[in-house]
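Single chain ahead, written as structure tokens, the form predicted alone.
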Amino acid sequence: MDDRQQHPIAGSLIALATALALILLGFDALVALGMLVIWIGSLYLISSRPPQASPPARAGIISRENMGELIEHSATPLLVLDRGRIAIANRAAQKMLGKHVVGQDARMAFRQPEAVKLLGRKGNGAAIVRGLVRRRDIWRINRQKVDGDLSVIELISLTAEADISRAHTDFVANASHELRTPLASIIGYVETLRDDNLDPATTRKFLDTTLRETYRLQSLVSDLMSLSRVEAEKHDQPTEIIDLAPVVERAARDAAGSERASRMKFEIRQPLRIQGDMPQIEQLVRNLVDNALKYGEAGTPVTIELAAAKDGQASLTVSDQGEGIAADHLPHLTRRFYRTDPGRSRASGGTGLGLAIVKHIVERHRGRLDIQSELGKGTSVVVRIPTAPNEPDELS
């Protein structure tokens, strides 16, 4: 029992002796009696208080239950290991590895040499694992000790970064190849032209070929620069309000030139305005019209149609009457340097970047690109871009 809960007899006797001593020393008896009452009363008050509970013992850093609640809604796959076994797996981890992994030895759940080596070591660490879920996946596994036998495993996907890096590598390789081809032709013909024994007709032929390859090289460099600019600006939404009909007609005629202008057929049904970048919209139209004129049957018309779509968008359709494109090629047409017929494309001066540029321009304008084609009948490319909101004076 606490000493404060025992009857305070000793304290009371001391208080009484002190009061008597004060009276003998000449103090007023009432004052001494008052001090005695206060002293004894305070002793009994203190002794009547219940004892305070001792502070609780310090708990562990974090319980498994609390840790499970903490990580459950994380978008990153997280696992909690207890002595090497998976005690907790959040939703993202269960979706990735399956619900059955809870309770398993972590090394059996991963079954990757790099992961097994990491889990077999003591302390913190990290490892890169390939093919954990799908064949080309790349994951970084981070292990962090928490308390006692508990540790946390964090799974971070590096697949997207690897895909971007691979795409950049492929782009550089393809661009280098495309640039080398006309350069090799130009160098070869120029070296041949240095021979004084060539007759005028052959010299003229070689000069024409050199000039053609130079123009091709110029077009390729120009398209590469255009693609780079469009990609750099793809997240910046344009703010200029454009009256679409005159822009489409002007850009289409520019792409056709005087020698092909007779093949164009315009069907512009109503004025439409969009919020856009005028030079990029002009380039989009030029690329689509130029492709249609190149690959459409000679002498057949190319139709440029502009109309309002039902969903509040401006719809631009460019159609040709050419050979058409096989269905298996359609998903790949907007890839850089992709060609259904490389020989024909190069012969016509194509760079393989026209539709890639169109795709990025459409994406920057928050639009949609659809390509429809039927063998023997032709191809139609449809671009849909949201129309500009009405100005206040037009709403009244």
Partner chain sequence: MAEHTVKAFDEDITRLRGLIAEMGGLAEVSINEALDALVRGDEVLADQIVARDKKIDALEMEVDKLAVRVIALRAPMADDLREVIAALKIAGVVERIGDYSKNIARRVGEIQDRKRFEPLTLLPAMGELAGEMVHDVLTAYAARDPELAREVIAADAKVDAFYDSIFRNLVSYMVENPATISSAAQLLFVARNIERIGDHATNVAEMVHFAATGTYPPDHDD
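Basically, rigid core = biggest C-alpha set you can superpose within 1.5 Å across the two forms. Numbering follows the first chain given and starts at 1. Nothing here was measured: the structure is a model prediction, and the numbers come from that model.
One more form of this protein exists, namely the form predicted together with its partner chain; it is left out here, but the text below deals with it.
Participant: Among the candidate residues Ala173, Met108, Val221, Leu193, which is the single one with a non-hydrogen atom no more than 4.5 Å from its partner chain in the predicted complex?
Facilitator: Answer to the contact question: Met108.
Participant: Which of Arg286, Arg143, Arg85, Lys294 has a heavy atom within 4.5 Å of its partner chain in the predicted complex?
Facilitator: Filtering the options by heavy-atom distance leaves Arg85.
Participant: Let me test this: is every residue among Ser185, Gly188 and Leu198 within 4.5 Å of its partner chain in the predicted complex, going by heavy atom positions?
Facilitator: Result no, not one residue of the spot touches its partner chain.
Participant: Name the stretch: of 271 to 279, 208 to 216, 317 to 325, 132 to 140, exactly one has residues whose heavy atoms fall within 4.5 Å of its partner chain in the predicted complex.
Facilitator: Careful reading of the contacts points to 132 to 140.
Participant: I'd like to know whether Gly103 contacts its partner chain in the predicted complex, with contact meaning heavy atoms within 4.5 angstroms.
Facilitator: Taking the distances in the predicted complex, the answer for Gly103 is yes, it comes within 4.5 Å of its partner chain.
Participant: Might Gln112 be said to contact its partner chain in the predicted complex, defining contact as any heavy atom within 4.5 Å?
Facilitator: Judged by the heavy-atom cut-off of 4.5 Å, Gln112 is in contact with its partner chain in the predicted complex.
Participant: Report whether the minimum heavy atom distance between Val116 and its partner chain in the predicted complex is within 4.5 Å.
Facilitator: Taking the distances in the predicted complex, the answer for Val116 is yes, it comes within 4.5 Å of its partner chain.
Participant: Could you list the residues in 243 to 257 that come within 4.5 Å of its partner chain in the predicted complex, counting only heavy atoms and keeping sequence order?
Facilitator: Residues within 4.5 Å: none.
Participant: By the 2 angstroms cut-off, has the C-alpha of Arg229 moved between this form and the one not shown once the rigid core is superposed?
Facilitator: Where the cores coincide, Arg229 shows only a C-alpha shift between this form and the one not shown that is less than 2 Å.
Participant: After superposing the rigid core, is the C-alpha displacement of Arg260 2 Å or more between this form and the one not shown?
Facilitator: No; that C-alpha moves by less than 2 Å between this form and the one not shown.
Participant: Relative to the superposed rigid core, does the CA atom of Ala251 travel 2 Å or more between this form and the one not shown?
Facilitator: No, its C-alpha moves less than 2 Å.
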